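Coming up is one lone chain in structure tokens, specifically the form predicted alone.
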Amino acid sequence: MRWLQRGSGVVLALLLVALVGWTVITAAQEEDRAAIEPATARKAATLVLARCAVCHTTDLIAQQRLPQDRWTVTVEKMVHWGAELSPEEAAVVIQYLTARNHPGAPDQLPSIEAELATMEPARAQSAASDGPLTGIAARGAALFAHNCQACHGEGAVGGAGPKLARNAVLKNEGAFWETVLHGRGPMPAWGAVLNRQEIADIHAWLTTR
């Protein structure tokens, strides 16, 4: 009987250790979520909508409750399958998803779209904030391919997003910059991802289409 009692005590002790460890992990993940910089979260949410939601809805992401190592494997798999994420962008997305959709997260979370809509937009940038910029079309081609092509199609001929080649918005720079920086409709704000020179480069390339 003593060995049974001793065995039960060991099992109970192990369960208590596991419970304490789980509590510590959950608390740490909650701290991670609170500690993530708003600008980082905004950039990551934008990337998720622009690079991940092209192939599947964000509902699939919202259902997951994964630790960091699992999110890392998931994002790396998506990149292998064609998601347009640089190593730096993938790291930002992993940080965001780990902080947001960790195992201790609530069952019901707001959608990423709704969450992004409540985030303070990066309105420090504007087309005229530091004077006019000269866009470089040759650079804009690569930037468009990496950031915009998934929605707007190769050569900007349209896809999930509207056709941009010969689009009238290109002649209205104010509307173009407002849309790219702050978003419009289903298009997320890119002011947290692209800097002013990169946007000018993309605009310059689009005007050649």
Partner chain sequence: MVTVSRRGWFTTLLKGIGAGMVLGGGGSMRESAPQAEAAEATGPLTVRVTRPFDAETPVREFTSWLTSNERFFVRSHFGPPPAEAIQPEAWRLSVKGLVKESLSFTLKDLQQFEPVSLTAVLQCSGNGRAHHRPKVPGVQWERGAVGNAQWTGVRLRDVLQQAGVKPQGVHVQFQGADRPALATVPLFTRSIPLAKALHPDTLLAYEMNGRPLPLLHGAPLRVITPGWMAESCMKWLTEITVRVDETPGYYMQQAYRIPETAVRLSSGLPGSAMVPVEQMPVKSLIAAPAEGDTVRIGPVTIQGVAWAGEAPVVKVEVSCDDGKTWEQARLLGEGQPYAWRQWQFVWNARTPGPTAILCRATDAQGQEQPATSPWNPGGFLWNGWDRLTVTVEA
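Everything numeric in this text was worked out from a predicted model, so none of it was measured. Residue numbers count along the first chain shown, from 1.
Absent from the display: the form predicted together with the partner chain. The rest refers to it.
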Does any heavy atom of residue 157 come within 4.5 Å of a heavy atom of the partner chain in the model of the complex?
no
Heavy atom of residue 194 within 4.5 Å of the partner chain in the model of the complex
no
So in the model of the complex, does residue 153 come within 4.5 Å of the partner chain, heavy atom to heavy atom?
no
In the model of the complex, does residue 162 come within 4.5 Å of the partner chain, counting heavy atoms only?
yes
Work out which of 49, 181, 143, 169 lies within 4.5 Å of the partner chain in the model of the complex, going by heavy atoms.
49
For 52-67: residues with a non-hydrogen atom within 4.5 angstroms of the partner chain in the model of the complex?
53, 54, 55, 56, 57, 59, 60, 63, 64, 65, 66
